[in-house]
Structures are given as structure tokens and as C-alpha cells.
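Read the single chain below, which is given as C-alpha cells and is the form predicted on its own.
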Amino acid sequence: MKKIYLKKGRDESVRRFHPWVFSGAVAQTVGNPAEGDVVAVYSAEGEYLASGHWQIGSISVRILSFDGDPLSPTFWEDTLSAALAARKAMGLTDSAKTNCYRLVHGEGDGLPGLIIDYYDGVCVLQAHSVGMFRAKNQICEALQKIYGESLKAVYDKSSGTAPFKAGLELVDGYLWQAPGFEAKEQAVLENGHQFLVNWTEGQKTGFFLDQRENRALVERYARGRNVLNLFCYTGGFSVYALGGGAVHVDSVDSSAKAMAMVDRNVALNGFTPEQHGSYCADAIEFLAGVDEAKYDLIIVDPPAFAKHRGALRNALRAYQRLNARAIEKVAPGGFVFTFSCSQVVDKEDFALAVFSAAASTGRRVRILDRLNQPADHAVNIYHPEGEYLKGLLLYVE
């Protein structure tokens, strides 16, 4: 295994099990590692600390193990088995009402740079690092072992996530398919609701699994209400709201493909066009044209407004303007579910942006709940940066 040595005094974060080694902490490399190689990390005094994937950039090593050997023949099977055991403990693998979940959530499962979502027998993989991309076939083999005959396919969707490097063939496609399996999409169950997931053409891995618990909360509050679902993607919140007894739901997204899938998902769950309206439009412009008090439950779930620290200030302004408009428009006694999935926007910054939005409207607003990502999107206690989804449930008088 190739080696790196850290500068004196720069090993504290690794000793606290943080899974990243930053480039500024590296004093020396031994063996001329190529990007994606597994390297051993040593202190300045020569003490072994960890092993992980070497990469070019501000993060030099994404740590895979503090005490084991990532080059072991059983490493991937052992680590993925541990991730699956955690999902079993969460009650996600044997539920009659849910057959989709996140199997691997990067650092939260000890595998920085890797995402794997499970859709009723289909595993969709996204590599966010060269090391994980290079290991995809080993990962595929390990998935076949841990799932056995229940596995239908393993699909690699890393073209939009793996860093572009010469020599990497960033072309999405199946790494493995069971004999006779040809599907590009299939229906899955989430809390008893059906959703069509298209992993070849949909965003991310095909479905946003991170809102499962928050969708269930919307279902609880939707009875008898007129609901507006902004940035709806494929209509997850909309289907839950209808299932909870909403009088009517309007769904808005700028993607025509997403809106087509919304209509299919609504129909798949037995709801009629009279109960649901679809609008392919810019969500912010649509909201600006809404009559006040038309909706008494509004869901605001935009894409990440900030993907790096430099965009933080503009993102917070955008969250403030968007939430001010939603709070202005919602009927008295109504609810606003508002979210941010921007990792660089922390909970305090987001809450302050929503507070400023509420203050600008002059309305009385209560926070009824603080919302997060679900258990299968685990946060490594030594890597708080993994907590990216945050939300608030507001009651507006």
C-alpha cells in the first residue's frame, strides 16, 4: 500500500475519526499514488492512523478504515453487510409497506464518496470520487453476495457525480443484471404509497428517498386542506398529501419530464385529475401569482441554492425571499413545510433566513417542528458535515 505522511501537529482530526485528510495537512507521499489508489496515512512520527482513497484536490484522502485493510478481499462485502444490517435494524428491509431505502450514505456508512440507493431489488450506485468509481465492479460483486437471489440489477449512475478525469469512462449503465431483467424503471412502495422510479433518466438515482419521513408528516397534516407542492419533482409530497385526505393538491415543477411522472404517480395511487393539478412552471413565478389564502398548506422544497461556500450569502437571500412569499400567501391557520438541502447552509443559517422571511411579512408564525433527513441517510458522528437536509414546519396565523 502506498503511503502519505502528515505534517507535525496535523493529525488531530484523523485521531478524532474525521474521514477526510485535507491537502494542507500532507507533508510527504511515498510510492507516487495515482488518484483513486488506496493509501496508508501516517503521522509525522510514523504511526499508522488510517487508510483511504487518494485524490487530487482540497481533500487528499477519503478515509475508508481506521483499523482495517481496504485492500482485503472481504472489505467491500463486510462494509456493505454492515450497512445492510443497519437498515435491517431501522426496520426498512422487511417492511410490507416500504421496499426502497438508501443502503450507503457516504461518510455516514464509512464509505466516503459512495451513494447506493435500493429500489425493490435494484441497486443504483453513484460514485463521487475516483476511488469509488474505480472500485465499482468490486462493489457490484459484494452487492450480489449480500443480497443473493433477491438482487435484480446493479446500475451505475456516476457520470454526473464522479470527477471528470482522463481515462475514466463516465458512461452510465448496468454493472450486472439478473437473467431476463430489462427494466429502466419500476414501481416501488414507500409507506404504502406507490412511486415509479426511473433510475436511467431521473434526477440523482431516480427518487428523493431523503424526504420519506417528512412526506409522512405532510400526510398527517393534509386532511381537509388545499395543498401547493412547489419544486415537486415526481410528486412525492403530493401523493402523500392526497393519501392524507387533502381536498386538492397542485404540483409545480419546471421539468416537463418530472411533471409527466407526477401525473403517472398520482394515477398509480388511484387519485383523479379533479383532486390534483399539474403545472410545468417556474415555482417561484407560480407562487408570486397565487391568490392569497388559496392554499392552507404549502410545501417549499427547492434544489440546493448553494453548492459551495462562495454561494452561501446569495443562497440565504434566495431562501429568505422564497419563504417570505410562501408565508405571505398561505391562508390563516395554514402550514408551511420549508426545506433546504444545501450542505453549506447549516440549520442556524436556514432558521435565521426563515425568521427574517417571517418578520418581513408581519404575520404571527410558530415553529411546530424541526425536520431532518431520515435514518438511512445516516450522519457519522465524527463528520457533522453529513447533515445536509434541514426543514421547518411553520404554523401561520
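Sequential numbering from 1, following the sequence displayed. Note that the structure is predicted; figures quoted are calculated from it, not measured.
There is another form of the same protein, the form predicted together with a small molecule; it is not shown, and what comes next is about it.
- Heavy atoms within 4.5 Å of the small molecule in the model of the complex belong, among the stretches 129-137, 112-120, 251-259, 144-152, to residues of 251-259.
- Proximity of residue 281 to the small molecule in the model of the complex: non-hydrogen atoms within 4.5 Å are present.
- Of the heavy atoms in residue 92, none are within 4.5 Å of the small molecule in the model of the complex.
- The small molecule is not drawn, but in the model of the complex it has a heavy atom within 4.5 Å of residue 302.
- Although the partner is absent here, residue 222 sits far enough away that none of its heavy atoms falls within 4.5 Å of the small molecule in the model of the complex.
- Put simply, of 75, 271, 208, 174 only one has a heavy atom within 4.5 Å of the small molecule in the model of the complex, and it is 208.
- A single residue from the set 319, 101, 233, 199 has any heavy atom within 4.5 angstroms of the small molecule in the model of the complex; that residue is 233.
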